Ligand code: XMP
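In structure tokens, the next block holds one chain alone, the form predicted on its own.
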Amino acid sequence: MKRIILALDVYDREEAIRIAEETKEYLWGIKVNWPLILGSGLGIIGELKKFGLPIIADFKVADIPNTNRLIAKKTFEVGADYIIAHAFVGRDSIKAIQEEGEVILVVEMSHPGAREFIQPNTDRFIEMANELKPFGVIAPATRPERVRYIRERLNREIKILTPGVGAQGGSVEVLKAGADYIIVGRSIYKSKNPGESARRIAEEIENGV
């Protein structure tokens, strides 16, 4: 089972396509964020679809229901399989996205500042996820104990995707805490040999998890 999601946080279209080509055999999916969309346009999602992998649009959507729906509609039209949204906007805004396609909810983030306002509300976000049944939730690879906490309270059918592996200090060990997928960015796309870096991570998972 492949468990690596590549966070393709580059600006340049050709660079993005090259890295995807070099790493595709080791990936479960590819996550695109605003840097790539701003640098290459929304059409890059359709171009990456040719590799046959799920595409996650990491737009962290956080608006009123109608705006969320409009963003989701266009994102899914160009080929995205999932869209990431903030849970704090509430059920109505998340349901608006689900009317268009599959959503992944942010219940915690991997940076230190997430402890200020997001983590104190994690239990409520988990409750929402259990009710709305998104494809998955985002939880921090940088804090495996939090992933374990979330996994114990989250419905088993809901996947846990964990950013922060590599440059932010998280490791593949977070899979043992209950994560389903690890999200890796700089450790792969900034490597001189992205394919080899992805292969080593995949091998580490296979040997250790």
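Sequential numbering from 1, following the sequence displayed. All figures in this text were calculated on a predicted structure; none of them were measured in a lab.
Although not depicted, the form predicted together with the ligand is the subject of the following passage.
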*Interface residue in the model of the complex among 87, 138, 80, 97, criterion: non-hydrogen atom within 4.5 angstroms of the ligand*: 138
*asked:* Which residue, 148, 50, 159, 60, is the contact with the ligand in the model of the complex, using a 4.5 Å heavy atom cutoff?
replied: 60
*Sort through 150 to 158, 179 to 187, 22 to 30, 38 to 46 and report the only stretch with a non-hydrogen atom within 4.5 Å of the ligand in the model of the complex.*
179 to 187
*Does the ligand get within 4.5 angstroms of any non-hydrogen atom of residue 163 in the model of the complex?*
yes
*Is there a heavy atom of residue 168 lying 4.5 Å or less from a heavy atom of the ligand in the model of the complex?*
yes
*Interface membership of residue 119, the ligand in the model of the complex, 4.5 Å heavy atom rule*: no
*Is residue 93 a contact residue for the ligand in the model of the complex, using a 4.5 Å heavy atom cut-off?*
no
*Considering only 101 to 120, what residues come within 4.5 Å of the ligand in the model of the complex, judged by heavy atoms?*
106, 108, 109, 110
